[in-house]
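Heads up, the chain below is alone and in the form predicted on its own; it's given as structure tokens.
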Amino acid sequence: MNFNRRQVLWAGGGIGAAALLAACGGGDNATSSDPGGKPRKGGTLRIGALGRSSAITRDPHGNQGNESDYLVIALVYDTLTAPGLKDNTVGRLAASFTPSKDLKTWRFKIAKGATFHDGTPVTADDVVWSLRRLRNTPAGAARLPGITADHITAEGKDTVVLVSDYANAELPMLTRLSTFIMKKDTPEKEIAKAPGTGPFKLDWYRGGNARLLRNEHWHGGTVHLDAIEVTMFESPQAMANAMMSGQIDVASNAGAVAARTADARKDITVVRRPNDMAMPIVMRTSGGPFADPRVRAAMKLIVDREAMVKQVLSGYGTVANDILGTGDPDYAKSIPQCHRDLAKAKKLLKEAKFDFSKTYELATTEDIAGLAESATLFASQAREAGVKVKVVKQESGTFYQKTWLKGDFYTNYWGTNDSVVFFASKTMTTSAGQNEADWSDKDFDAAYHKVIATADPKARTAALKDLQQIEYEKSGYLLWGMADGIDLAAPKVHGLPKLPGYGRVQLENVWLAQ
């Protein structure tokens, strides 16, 4: 049985100690129901993913700038929880998660039969060691918000206790993305090859490419494929070419241009996932030219969102409204859509004494398809309002070292968009570990804490709308649109995930027809 967020909230406020069972593995929830027939066992899936040699990361608790690395890590290691198709949080390595009445203490019970790839049973001590290691990374505060390392403890052999500094009904959701579990006391020099508990085990890894073998003893259920071969491509075009020529079976997150080309091919299936990728423009709020909220509001009025979706995404996407988490069931659709209004934008800029003589650098990367193109088109649109913007393309490593979290004006991307609270906790509250716009707003902070401490679903929905209204009006995010996630697949490939973000790298239910 699975529990969605509403049920978790209800249970937290109404029955407190009742166990909240969640389907282990999230598999049935996360997989498409394509009419391919009965799944068969066997075969090797050849999958392409984007990445750059300069950004390779093998540490499961590091910052994975490469999709190829994240794909490998997510197949080898399990997180405590995972996104679900019907329920936004389901168990993965955790079989259940149970809140205290005050929603500050959560108990995660490890799935029965869970073992590492070397056959060693997973214990609560392993999970505690992994979570404390994660919490002690530079990004730890963002990944486990409100939880200090000493508030992660074991209770017996199969239960892990997390105590939050404040009531948090959303805690299981916040453990979905990066709580990868390794064996206790794994030496740092062995992290890259440390055994995991996931559906596939590492055979070899060479310069971004990898071969993974089926974990016959995975606790989450049957794994169909014998093996997965991951090939890293440094450009969407190179990956698409490999797909068209039959060198790979799946091109992961191939982008709109490749999808448009593949639409004419009967031997390639285009798999679309709405609300997959947010590509916001980030404006620093604590200083610099965008600190004045009138300037940020003007930038949001300058952008032509419909044109951005049409030209940058080739129509494979939707217009957004400056609120991150567009796939949230409680996304506030009643908040008026922001439209282009150059006259109003110019008026706001004049009131803010904006310096029109200067040229403002907009930093971007080519990490994902369309990101740099979005910056270029925005710069073109800004000129129509008299604002001079120079696009500066940075190599991925340089961007994350020098610009991310520090720059005045840059593009970024996020691949998980089913929760407004997820983004609020990680990137927007004053204490957020990845506060990309360096934003601090006491009203927003208060609204956030009210949301996560509210158990009643109706009251929570109302509180969440208030939070979104503040984000819409004041934050440093200009979110012009949402890109569909697009995979290209050979006809023999079945069971590809339909979920965006982390959900799309769960390939345990993929199978190959003969």
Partner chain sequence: MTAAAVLDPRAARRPRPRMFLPVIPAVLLVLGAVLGPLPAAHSVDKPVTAPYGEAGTDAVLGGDQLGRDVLSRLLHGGSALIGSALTVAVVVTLAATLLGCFAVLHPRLGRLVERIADTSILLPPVLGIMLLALAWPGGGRLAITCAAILLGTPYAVRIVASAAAPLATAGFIEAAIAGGEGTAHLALREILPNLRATILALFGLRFVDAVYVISMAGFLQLGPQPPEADWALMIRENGPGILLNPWAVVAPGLAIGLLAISVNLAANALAPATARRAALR
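Numbering follows the first chain given and starts at 1. If you superpose the two forms and keep the largest set of C-alpha atoms that fall within 1.5 Å, you have the rigid core. Keep in mind that what you see is a predicted model, and the values were worked out from it rather than measured.
Note that the form predicted in complex with its partner chain isn't included here; everything after this is about it.
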Notebook entry, point to check: Would residue 373 count as a contact of its partner chain in the model of the complex, using a 4.5 angstroms cut-off between non-hydrogen atoms?
Noted result: yes
Margin query: Residue-level question: is residue 312 within 4.5 Å of its partner chain in the model of the complex, judged on heavy atoms?
Written below: yes
Next item on the list: Please check if residue 380 has a heavy atom lying within 4.5 Å of any heavy atom of its partner chain in the model of the complex.
Entry: yes
Check: Might residue 101 be said to contact its partner chain in the model of the complex, defining contact as any heavy atom within 4.5 Å?
Finding: no
Notebook entry, point to check: Taking 237, 260 and 391 as the candidate spot, are all three within 4.5 angstroms of its partner chain in the model of the complex by heavy atoms?
Noted result: yes
Check: Ok, 443, 203, 229, 384: which has a heavy atom sitting within 4.5 Å of its partner chain in the model of the complex?
Finding: 384
Checklist line | Answer option from 87, 158, 366, 408, heavy atom within 4.5 Å of its partner chain in the model of the complex | finding: 366
Note to self: Tell me which stretch of 325 to 333, 260 to 268, 414 to 422, 350 to 358 has a heavy atom within 4.5 angstroms of its partner chain in the model of the complex.
What the structure shows: 260 to 268
Checklist line | Core-aligned C-alpha movement of residue 378 between this form and the one not shown, 2 Å or more | finding: yes
Check: Has the Cα of residue 389 moved 2 Å or more between this form and the one not shown, judged after a core fit?
Finding: yes
Checklist line | CA of residue 364, rigid core aligned, shift of 2 Å or more between this form and the one not shown | finding: yes
